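Have a look below at one chain only, the form predicted on its own, in C-alpha cells format.
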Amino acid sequence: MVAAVPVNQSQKPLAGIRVVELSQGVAAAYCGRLLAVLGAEVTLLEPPGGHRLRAEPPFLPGAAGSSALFAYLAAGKRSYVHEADAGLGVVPDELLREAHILVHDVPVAETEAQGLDSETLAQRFPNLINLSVLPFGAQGPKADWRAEEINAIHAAGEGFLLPNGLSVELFPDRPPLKIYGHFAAVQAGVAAALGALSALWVGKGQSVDVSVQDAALAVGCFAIQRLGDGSVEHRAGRSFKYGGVLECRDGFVEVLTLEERQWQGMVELMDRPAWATDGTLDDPLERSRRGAELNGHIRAWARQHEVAEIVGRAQALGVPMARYNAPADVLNGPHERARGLFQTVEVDGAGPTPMLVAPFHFGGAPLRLRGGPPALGADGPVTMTETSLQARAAR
C-alpha cells in the first residue's frame, strides 16, 4: 500500500480565505478547524485568560493542563487575545473588514451588545458571511436556550435510541447513555462548515444559522422517517435483525449485510453451515423474521474465531465487516498510515503529538495542518484603535 502525497498549503481549496472565530464551545470550534484544514487562515479570538476549552479534560500525557480537546480543535489556527471589555464588543473592526467568514456561538441575547447581530453586521460589513452556531439556532422559540452536549443529544433523539443492539441485550437495566465525547457538537460543526462553503459559493455576504439540535437530529433521520410512518423506535427494539456487533475470541467486530450478495458472502465466510443454506433463508424477509435465530448462530460462530482472521476474509468476500480498534491500533494501522490520516504536530508541554488531520481527502490526497495548537496570544493581542473604539461606542 503506497502512501498518498499530501496537498500543499497553496493548493488547498480555501487558500486565501480569512476566517475569524469567536467560540466558546466545540461546535463553532470544530467548524473553524475544518475550515483551517481546508486552507483558510483562521484567527481564534481568545479572552485574556484563554479559551475555555484550554482547561477542558482530558489532558495530554506529560503536559499538565494541556487539553487534548483544545489541541485538536485549535490545530493550525492563529491566536489573538481580545480586549476584556466585552461591552464594546470583542471582535475588532479591522479583522472583520479583512475577513470572509465570522464563525461564532455568541448567545442571541448578547449579540447586539457586541455588535454581532445579523442586522449590524450586514450593514457594516456587507461582504461578510456571519455564521452562527447555537444549541437551538439563532431564531425560533428556543433561540435563547442554552445547552450542553448531553442536552443536545437527548433533544435530538439519540438518547432515546442508545444503547441498542448487543449492548442493550447484555445490559438491559442500564439507563440511556450519552455518546462519548461531543457527537452532536461535531455534527453541528460539519453542518456549519458546509453552510460556510455554500455561502462562499454564492459569493456575497449573508447570515448562516446553524442549530446543534437540528444537525444531530439529521443523523437519526431514519428514526424520524419511521415516526412519520407511525413507528416509534426505542433502544430496546432498535437493532439489526441479524449481524451487528459480534464478539470474537480476541475482540469485537461489526457486520451489516444489507444486500443479497453480502449475505451470500457471509454464508461463504462461515463455510456454508447447514443452517445458513436452508432454502427458506433465500428470502430476505424470512431472514428478518428469523433474525434472533440467525444471530444466535452467527454469534456462536464468531466466538470461535479471531478478529484479524474473519475481517480479512470478510473483506475479500465483499462482506461489510470491520474490527473495533483501540486507539493505539488506529494510530499504528497500515490503512491509516497509507491514507495519511495522522500528522505529527508540536504541542506545547507535550512535544511531538500525532493528530488526526481531517476525516476526508481532497483531490484523492490527504491534507496537512499548518501546525499544532497556538500558544495563547501567539499572534499578538488585538488592540483596538481609537477609531474602532469610537465606532463601537456610537452603535
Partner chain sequence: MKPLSGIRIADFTVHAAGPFFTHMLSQLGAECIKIESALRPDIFRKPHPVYGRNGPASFDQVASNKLSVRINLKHPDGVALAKRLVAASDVAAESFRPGVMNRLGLSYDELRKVKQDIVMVSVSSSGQSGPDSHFAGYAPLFGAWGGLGYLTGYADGPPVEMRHVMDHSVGLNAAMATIAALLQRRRTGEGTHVDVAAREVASAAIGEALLEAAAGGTPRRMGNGDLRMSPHGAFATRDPDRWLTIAVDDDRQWLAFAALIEQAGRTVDANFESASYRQTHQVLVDELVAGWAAQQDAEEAARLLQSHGIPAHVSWTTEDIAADPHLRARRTIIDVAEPDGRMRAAIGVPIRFSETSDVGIVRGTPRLGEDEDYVFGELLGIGAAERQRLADAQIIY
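Residue numbers count along the first chain shown, from 1. Between two forms, the rigid core is the largest collection of C-alphas that superpose within 1.5 Å. As the structure is a prediction and not an experimental result, all values here were calculated from the model.
Same protein, other form: the form predicted in complex with its partner chain, not shown, and the subject of what follows.
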For this session: Mark Ala300 yes when one of its heavy atoms lies within 4.5 Å of a heavy atom of its partner chain in the predicted complex, and no otherwise.
Result: no
For this session: Please check if Val232 has a heavy atom lying within 4.5 Å of any heavy atom of its partner chain in the predicted complex.
Result: yes
Exercise. Should Glu336 be classed as touching its partner chain in the predicted complex when contacts are defined as heavy atoms within 4.5 Å?
Worked result: yes
Exercise. For Asp209, is any heavy atom within 4.5 Å of its partner chain in the predicted complex, or not?
Worked result: yes
For this session: Could you spot which one of Gly265, Pro92, Gly195, Pro107 gets a heavy atom to within 4.5 Å of its partner chain in the predicted complex?
Result: Gly195
Exercise. Out of Ala322, Leu281, Ala308, Ala292, which one falls within 4.5 Å of its partner chain in the predicted complex, going by heavy atoms?
Worked result: Ala322
Seminar exercise, completed: Here the chain appears without its partner; judged in the predicted complex, the stretch of 109-117, 92-100, 272-280, 212-220 with heavy atoms within 4.5 Å of its partner chain is 212-220
Exercise. What residues, if any, in 138-158 have a non-hydrogen atom within 4.5 angstroms of its partner chain in the predicted complex?
Worked result: Ala138, Gln139, Gly140, Pro141, Lys142, Ala143, Trp145, Arg146, Ala147, Glu148, Ile150, Asn151, His154, Ala155, Ala156, Gly157, Glu158
Exercise. Hey, does Pro141 budge by 2 Å or more at the Cα between the shown form and the other one once the core is superposed?
Worked result: no
Problem set entry | Large Cα shift (2 Å or above) at Arg124 between the shown form and the other one, core-fitted | no
Problem set entry | Rigid core fit then Phe171 CA moved by 2 Å or more between the shown form and the other one | yes
